[in-house]
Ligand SMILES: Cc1ncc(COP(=O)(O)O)c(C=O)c1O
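First, one chain by itself: the form predicted on its own, in C-alpha cells.
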C-alpha cells in the first residue's frame, strides 16, 4: 500500500483515514459570504462511493473482533442505500453474504446498484428512510432475519461502532486538514453517526467548536436523511451534544444541489446540498470562521429524484418514469396555497368539508385521521358515491405524506370540483402531531 503513488494490493486498502483522507474543497461561488470559509468534505472519494463506507467498515471490524461475525455468515441490514452498498462490497471482499431490507421508495438507481453488487434485496412499502419501531418496516424485518441461524444484524441505528468510525477517522481527518482551525462542523442527520462521532472528536480537541445537525422537513423526499420525527427514534441522535439543529425543505436542497454542480463543478447529491443549506442558515459571516460540511455522496445515484424536483433538467426526455411536464405540474401544485396546514385542515373539516383519505384500504384500516372517508386514488375517477355531488362543495384530501393526495387534488379539480385542498405532510404529520386518529375497518 502506497498512498503517495496510489498503488494498492486490494480495494480495501483505499479505506479513508487521517493518512488517506477524503478531499476538503473550499466553496466560493454558492456561499455568498465575505469572510467565513466554507469547506466541503467530499465523501464519494471513499472506495465504495459514500460516507457510509466508514460505518460499514467499522461495523464489520467490530463484529469480527467480538466473534459475532465469522466466515460464511450472512450480514442483514436495513438501509436507505449507501450503507447497503458498502456492506455489499465488503461482504464480497471478505466472503460473507449480504441481505438488505429497504423501502421501494429508494431511488431506482440505488436499488439497481445494490443488485449489481450481489445483494439479496428485500423491498418493502416503507418510509423513504427506514423507521425504527415500525412494526412491518425494513428495520423490523432486518432484525427478524438477523436472528436466523448463520445470520448477523449489525444494526447501524444503535451500534456504537457507527459513531466510533467517525470519531476515529472523519474527525481526525478534518482536524488535520484544517490545521486545527475548524470552528463549525455541519452534517445532515440520518443515523446520526457522522455528526455524533465527528463532533465528539472535534469537541475533545477544542470545546468551542460548533457542531450543527441539519434535517429535512416532515414528508421529505431527500434519501438518506431523517426528519425530526424519525430522529426521535434513532439511538445515535444526541441533541444534547449538538449546538444547533437546522431544518431544510426539499426545494431549497434540490435547487442548491443544481447550483453546486453548475457553479462549483462539484458533483454533490441532494443530501450534500441540504447540509450546506443548513450551514449557510447558521454560520456567522465573520473572519476566522472555518466551517466544514460533510458531502455524503455524489449526484449520480439520484436521477429519478432529480426528475421529480428539477424537471427542467429533463426537458424532452422520454423516460418512462414520468412526463417532465406532468412532474412540473405536480411540483407547482405542491407549492400552491391549496396545500394547507393541519390546523387549517381541521378547521375546514369542522365546517363541513368532505375529508378524503386516498391511500389504499389496507393503509386506511391501520391508522387514519379521524373523520376521513376512504377513496383510494385510482377510485377518484371511478365515480365513488362518497364524492360530493355539489362541485362547489369543499373537499380536503390526505394521504401518507402528501404526494398521492396532490394527484387526487389535481384529478378532482379536473373533474370540476372548485374548492379542493391538500394536507401538508399527510397522515404521517397528523399522527406525529398527536391529532385524533382511528384504526380498523
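Numbering follows the first chain given and starts at 1. Note that the coordinates shown come from a computational prediction; the quantities given were computed from them, not determined experimentally.
The following text describes the form predicted together with the named molecule, which does not appear among the structures shown.
For this session: Within 4.5 Å of the named molecule in the predicted bound form, counting heavy atoms only, one of 359-367, 251-259, 220-228, 97-105 shows up; tell me which.
Result: Heavy atoms within 4.5 Å of the named molecule in the predicted bound form occur in 220-228.
Exercise. Just one of 216, 199, 278, 296 has a heavy atom within 4.5 Å of the named molecule in the predicted bound form. Which one?
Worked result: Here the answer is residue option 296.
For this session: Look up in the predicted bound form whether residue 52 has a non-hydrogen atom within 4.5 angstroms of the named molecule, and give yes or no.
Result: Within the cut-off, so yes.
For this session: Tell me, yes or no, whether residue 175 is in contact with the named molecule in the predicted bound form, where a contact means a heavy atom of each within 4.5 Å.
Result: Residue 175: no, not in contact with the named molecule in the predicted bound form.
For this session: Considering only heavy atoms, tell me if residue 302 and the named molecule come within 4.5 Å of each other in the predicted bound form.
Result: Answer yes; at least one heavy atom of residue 302 falls within 4.5 Å of the named molecule in the predicted bound form.
Exercise. Using heavy atoms and a 4.5 Å limit, would one call residue 346 a contact residue for the named molecule in the predicted bound form?
Worked result: No, residue 346 sits far enough from the named molecule in the predicted bound form that none of its heavy atoms falls within 4.5 Å.
Exercise. Would the named molecule be touched by all three of 188, 192 and 271 in the predicted bound form, meaning a heavy atom each within 4.5 Å?
Worked result: Every listed residue reaches the named molecule in the predicted bound form, so yes.
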